[in-house]
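The data below hold one chain only, encoded as structure tokens and taken in the form predicted alone.
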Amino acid sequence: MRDIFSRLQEIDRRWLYLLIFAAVVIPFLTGLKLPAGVASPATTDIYDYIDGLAPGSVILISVDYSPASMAELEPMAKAVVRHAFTCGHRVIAMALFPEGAMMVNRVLDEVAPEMNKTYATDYVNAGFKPGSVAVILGMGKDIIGVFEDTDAEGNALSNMPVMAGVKNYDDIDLMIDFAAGNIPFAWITYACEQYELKVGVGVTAVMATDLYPFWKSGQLVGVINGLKGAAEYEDLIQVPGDGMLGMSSQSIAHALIIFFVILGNIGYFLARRRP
């Protein structure tokens, strides 16, 4: 037995790298989606809030991430938009991050056709608007005015049914910021605190710990935490997607690494006991 474990310690590490590579890739090739488990309360709070809104409510989303963070944030953005459409809510999308303008289209262009939703009636993309804090403050008084009455394609927002009755934050039932930077803090400081707008966030895992205190204090409706949060939300709406697929790959790879660590330690201690 000791000889077996000793030989395991001498295996070329490149074989281990190959096994890890296979563990990561196979779920994507096979479409394996493992259960997400019990959703965290911070994720569930956003789901419950959207689910509890009356049909026809207005949800504002701000897509503030680049392709570098797309793997974590796009699955949750799609899941939330899909949930909003399922509940019969209107969606107004925008971006305060330059590359977010492209990310908005990736989300809406996939989800809206699947849900048979019509542009300008059920949803609209207001596009990218530079200025961050100035934009957030301005929208508290006049949303259409801040965007100069044009959407991302130059169409008049004021003529769209989706914008009917929407003047400022008083007419927005929930705002969710999907971000990889510090923009969520601006939404909390200015939209939530000054205008009492209900705000939720979907962020990368590395940012989530900084935002949980705002959720605990009631300043955030909820926090969707990275790829795990995306998988949880997909599980809540019972529509498996890239979040659950990515978590399956990550979970299998982590389990394999833990197995190798345990095996290596057993071999090490047995080798030390050898005369």
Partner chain sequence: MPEAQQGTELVFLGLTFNPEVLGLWLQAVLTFAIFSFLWGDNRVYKFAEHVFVGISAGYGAVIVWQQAVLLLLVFKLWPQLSAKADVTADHWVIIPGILGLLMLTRFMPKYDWLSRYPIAFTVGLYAGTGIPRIVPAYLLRQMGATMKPLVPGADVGWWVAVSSLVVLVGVICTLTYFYFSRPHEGALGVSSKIGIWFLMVAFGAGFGNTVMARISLLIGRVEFLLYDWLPVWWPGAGL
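Positions refer to the first chain, counted from 1. Note that the coordinates shown come from a computational prediction; the quantities given were computed from them, not determined experimentally.
Beyond the structure shown, there is the form predicted together with its partner chain, which is absent from this document and is the topic of what follows.
Only one segment in the set 111-119, 97-105, 171-179, 81-89 has any non-hydrogen atom within 4.5 angstroms of its partner chain in the model of the complex, and it is 97-105.
Interface residue among L53, A39, L245, I237 relative to its partner chain in the model of the complex, by the heavy atom within 4.5 Å criterion: L245. Using a 4.5 angstroms threshold between heavy atoms, I11 stays clear of its partner chain in the model of the complex. In the model of the complex, its partner chain sits beyond 4.5 Å of every heavy atom of E74.
Residue contact with its partner chain in the model of the complex: F260 places no heavy atom within 4.5 Å of it. Looking at S62, you'd find every heavy atom of it more than 4.5 angstroms from its partner chain in the model of the complex. Although the partner is absent from the chain shown here, none of Y49, M160 and K167 has a heavy atom within 4.5 Å of its partner chain in the model of the complex. In the model of the complex, the residues of 142-170 lying within 4.5 Å of its partner chain by at least one heavy atom are, in order, E148, D149, T150.
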